[in-house]
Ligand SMILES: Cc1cc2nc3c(=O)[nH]c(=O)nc-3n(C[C@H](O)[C@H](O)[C@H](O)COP(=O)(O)O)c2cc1C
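So this first bit is one chain, no partners, the form predicted on its own, shown in structure tokens.
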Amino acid sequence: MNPPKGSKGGGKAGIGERFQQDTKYKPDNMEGHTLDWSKQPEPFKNYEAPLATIPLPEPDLTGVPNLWQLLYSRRSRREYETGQPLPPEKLSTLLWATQGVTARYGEVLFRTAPSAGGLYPVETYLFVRAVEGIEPGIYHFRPHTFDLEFLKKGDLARDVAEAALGQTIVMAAQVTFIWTAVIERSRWKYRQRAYRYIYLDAGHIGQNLYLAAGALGLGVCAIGAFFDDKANSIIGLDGLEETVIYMAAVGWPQG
């Protein structure tokens, strides 16, 4: 493979340019890789000793929102009404919309958002600030059992805001979605190309959140700027095998 050329301004190519070049599919580099099924990573993550496991209510899918109107009105909302907590049914519906199971065929679970190879490397964590009946703290969502694992107690709004480059919207939002990637789930099959697919997967999930929140009268603001190590430390991740890749604040919009 030829080394990547420098940027338009001259000089050495940056890491982004090298990544784009080095992960290209080409006819001459597609052979020689076979899947070792004995080493396929587990498709779901379960914590051995969470503080508690909280079943989620059934998502309310009875509304009939107009998809075209939702697309037309989609905006990033950055100002929230702080005093009103979110009903757990709405949180449940948001979680189902982003990564909920829609069909089961044997051990294969189909979800509301697509994933390259059906591998689903993206995990969902929540910072709950104000949800009725759910204690503030950090939670892990399990789509296969449709529940939350309670991982860390406390009002961590300031910590999450600091991790998000000081974006105080998470201090007003009722809940903040924190998406991570279990890298090996995708890398096991796609090698270095996996990193492209992981971010595509996260984008699909994020758009589902926007549309579902719009249907429920909620506001969303996706967050791509954060201090990686700080965000990982809040959840307790190593930042290598699993790392934060995307966030989104959700709450009652002002006005």
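Quantities reported herein were computed from a predicted structural model and do not represent experimental measurements. Start at 1 with the first residue shown and count on from there.
Not pictured, yet referred to below: the form predicted in complex with the ligand.
Here the chain stands by itself, but in the predicted bound form one stretch of 113 to 121, 126 to 134, 150 to 158, 75 to 83, 75 to 83, has heavy atoms within 4.5 Å of the ligand. Of the residues given (Ala49, Ala225, Leu67, Leu35), Ala225 alone sits with a heavy atom within 4.5 Å of the ligand in the predicted bound form. Remark: Gln167 counts among the residues lining the ligand in the predicted bound form, judged by a heavy atom distance of 4.5 Å or less. The ligand is not drawn, but in the predicted bound form it has a heavy atom within 4.5 Å of Cys221. Taking a 4.5 Å heavy atom cutoff to the ligand in the predicted bound form, none of the residues in 106 to 138 make contact.
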